[in-house]
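Quick setup: one chain, the form predicted on its own, written in structure tokens, and binding and motion questions come after.
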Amino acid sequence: MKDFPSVPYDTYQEYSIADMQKRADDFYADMLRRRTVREYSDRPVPREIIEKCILAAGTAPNGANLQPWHFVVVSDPAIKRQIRVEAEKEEAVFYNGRAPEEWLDALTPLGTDAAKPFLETAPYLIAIFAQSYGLLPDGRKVKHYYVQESVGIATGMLITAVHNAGLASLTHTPSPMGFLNTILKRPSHERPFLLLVVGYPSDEAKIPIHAMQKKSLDEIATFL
């Protein structure tokens, strides 16, 4: 390995095996409570909480530490309305012809349709963009590597951070999502990756039984 500028890794925290097991157990139990929510309260959420969740997402591992993401946090009702209108246009096309029958069959137990009122009700929409390249102060381009993988990891960490803070979220991916570039005034080298809806669940929020079913360890992992 070549020499490179470095500093000691002095932030690592080691735990006893018993503490490690408890932390793993507690984290798993907490994540089991996380659910995708489609009914939101309009209760306000302090911006500082969202800021810290995004900073946590920004610590995600990524290709060459180029951090190929940008998060646009939307709370303005007028902009949320624009996003809902354009998203529902795409969803209407999806549900009425674009999606194959088997895909619609898979969605049936979740009870979803083209109407997306949560895009206006929830206090925050976080549009996550994947950057194919970065720009230096002098205008030169810097190619980004492993963009989809990096942004996917950061998005997962953002969802986890939001849950850890005590909020609910929903991953929304109308296709295509180019309207987000237009509405949010993002450059062409940024591609919309996902729209994350964030807020408190409404008092009437329900979770489809189908969504409660998680695969067992034997189904999702192989130990060799």
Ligand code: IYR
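Remember, predicted model here, so these are calculated numbers, not experimental data. Throughout, we count residues from 1 along the sequence that is shown.
Beyond the structure shown, there is the form predicted together with the ligand, which is absent from this document and is the topic of what follows.
Q: Sort through Asn181, Asn164, Thr173, Gln67 and report the residue having a heavy atom within 4.5 Å of the ligand in the predicted bound form.
A: Comparing distances to the ligand in the predicted bound form, the residue within 4.5 Å is Thr173.
Q: Among Thr121, Ser75, Ser132, Thr112, which has at least one heavy atom within 4.5 Å of the ligand in the predicted bound form?
A: By the 4.5 Å criterion, the partner-contacting residue is Thr112.
Q: Answer with yes or no whether Lys116 is in contact with the ligand in the predicted bound form, where contact means some heavy atom within 4.5 Å.
A: Yes, Lys116 sits close enough to the ligand in the predicted bound form that at least one of its heavy atoms falls within 4.5 Å.
Q: Classify Tyr145 as contacting or not contacting the ligand in the predicted bound form by the rule of any non-hydrogen atom within 4.5 angstroms, answering yes or no.
A: Tyr145: no contact with the ligand in the predicted bound form.
Q: Against the ligand in the predicted bound form, would Glu91 count as a contact residue? Criterion: heavy atoms within 4.5 Å.
A: Contact check for Glu91: yes, within 4.5 Å of the ligand in the predicted bound form.
Q: Just checking whether Arg191 would be counted as a contact of the ligand in the predicted bound form - the rule being heavy atoms within 4.5 angstroms.
A: No - in the predicted bound form, heavy atoms of Arg191 and the ligand never come within 4.5 Å of each other.
Q: Honest question, do Phe71, Arg84 and Leu196 all end up within 4.5 Å of the ligand in the predicted bound form by heavy atom distance?
A: No, the whole trio is out of contact, none within 4.5 Å by any heavy atom.
Q: Heavy atoms within 4.5 Å of the ligand in the predicted bound form: which stretch in 95-103, 76-84, 133-141, 147-155 meets that?
A: Result of the contact check: 95-103.
Q: Sequence order please: the residues of 32-68 with a heavy atom within 4.5 Å of the ligand in the predicted bound form.
A: The one in contact is Arg38.
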